[in-house]
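First, one chain by itself in structure tokens, the form predicted alone.
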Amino acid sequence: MTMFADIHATVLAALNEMCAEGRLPAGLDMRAVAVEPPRDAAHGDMATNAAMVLAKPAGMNPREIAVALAEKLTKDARIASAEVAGPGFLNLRLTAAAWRGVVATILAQSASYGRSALGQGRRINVEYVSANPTGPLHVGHTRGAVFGDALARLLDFTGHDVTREYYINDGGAQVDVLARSVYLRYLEAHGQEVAFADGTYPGDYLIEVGQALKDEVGDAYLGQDEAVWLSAIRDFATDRMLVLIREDLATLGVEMDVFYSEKSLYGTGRIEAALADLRGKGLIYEGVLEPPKGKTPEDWEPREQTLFKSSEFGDDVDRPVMKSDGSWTYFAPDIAYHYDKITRGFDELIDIFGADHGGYVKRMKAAVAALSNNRVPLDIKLMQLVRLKRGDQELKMSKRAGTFVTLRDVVEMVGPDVTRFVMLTRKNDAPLDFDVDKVREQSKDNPVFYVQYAHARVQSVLRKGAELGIMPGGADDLAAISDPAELALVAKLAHWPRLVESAAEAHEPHRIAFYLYELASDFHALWNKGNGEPALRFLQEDDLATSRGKFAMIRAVAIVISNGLGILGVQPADKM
């Protein structure tokens, strides 16, 4: 149990007592009763809406309920006061002893503090990165990789059964372009001069692939028509690119459970099976779409096509799945892929797309709703663009890739921990400026440094204490935590389990980064306050009991920072 959960249980117990005493009607639905932080911290430590949500079904004045509930709650030793505010909100203040109990809980639970059974083992598929296998991952993919991995870790931390999945877009024309580009590098490896036409991939990363192809097939493809070598080189190049992509992801500490090939959907009956499911539900028909207003999308034809009734599930218009010439639209294999996810038994799907996929959200949600009979929710997170900067100069090109800055370039410049944390300092749907010089600064304005420095400061104090034979204390020593600034820091720690669950429910791992920065700020403020007030210093060499109590508090801070950084995939720093 956590502090908020404990107090929530106490409120429900008090309400049930009031029902038993006849002060409230029996059988009230208590599910809407909540205990949360007040909007204004000056109003108290926690607030409950119990009187407000029960007044109408109870047929009573909310303030009448609130006053009676306050009388019950103040009998609890942990609750210092319960004050009725406004029409019937109840603001609670906890005793110092109650907050000290949070420290004991954190030390006891350690790495498990904040973990929960929220997910109850629900199976969630998180699909992320899913870049075309045509080259190294770029800085935009980096943000999606970090977000997806952090979200998967967050969901795992809250009791979900998570599958991390990469969808290999190896079924489209871009893979043919890759094969032609590799063929040019193959010719180069044989000493021929080549020219890269517009639309091919000129990056240096294909030089090694061309040489590897030469080593494998010799001169077998020299002077041959494209029909001879295109399919074979496409497979060869795709395999090489996937090795490169896996290596790129590994530099960030990202590992996938599943790599799913789009090509495996073609010629295997999987696309046909998904559309047959929709056709059996009366959701596939032959028709002609009205010409759209404004810009004409690529999948519109003024001829009869095979259409999916996506408009019945919230989309703006119906969507074509087969063109008039009998070929599939790009939407058809995506329908089949998500149908496959559903048949694998996932309870929930999460797709992490680039910002350019905004127009794809409604149709994909419509397809999943139709295929799963509205059983499986699909959440699509769009990743806005990243602008990589060095001071005022924007970095746009990489020698290795030729046209963009790669994931590996970023990691080599600043390291995986900094890369991961910075990518989560903005919500996914907000653009992100990544200044590679700024993130190297050792200042409050650098959130990565600020959080890791807090952890390192704690470790430095604990190491010095250990040299003196002083270790974090137990329950008998926690009375040393008494200053309002110390209690405020502990209160921040008490918010951690609740914050974790809310971040998981919203699929927003950036909330973890925000919280850690706030916690680090509170810790550094207390450290600085100790510079002027010796009694607040964590190490009191002439008072071992006080030192043990304060050590317990800062050890709790380090545990929460470490747990939070673990969700983000960042290593806590012990020295800086």
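For clarity, a rigid core is taken as the largest C-alpha set superposing within 1.5 Å between two forms. The first residue of the sequence shown is number 1, and the count goes up from there. The shown structure was predicted, so the numbers you read here are calculated from the model rather than taken from an experiment.
The same protein also has a form predicted in complex with the RNA, omitted here; what follows describes it.
The shortest heavy atom separation between residue 5 and the RNA in the predicted complex exceeds 4.5 Å.
Not displayed here, the RNA is kept clear of residue 112 by more than 4.5 Å at the level of heavy atoms in the predicted complex. Among residues of the shown chain, residue 205 is not one whose heavy atoms approach the RNA to within 4.5 Å in the predicted complex. Proximity of residue 548 to the RNA in the predicted complex: non-hydrogen atoms within 4.5 Å are absent; the residue sits far from the partner. This chain is displayed alone, yet in the predicted complex one of 356, 235, 394, 71 has a heavy atom within 4.5 Å of the RNA; that residue is 356. Scanning 453, 346, 260, 229 against the RNA in the predicted complex with a 4.5 Å heavy atom cut-off leaves one residue, 453.
Against the RNA in the predicted complex, the set 16, 141 and 200 makes no contact: no member has a heavy atom within 4.5 Å. Screening 155-163, 94-102, 419-427, 238-246 for residues having heavy atoms within 4.5 Å of the RNA in the predicted complex returns a single hit, 419-427. Contacts with the RNA in the predicted complex, taken as any heavy atom within 4.5 Å, map within 50-86 to 52, 53, 56, 85.
Residue 89 is among the residues whose C-alpha shifts by 2 Å or more between the shown form and the other one once the rigid core is aligned.
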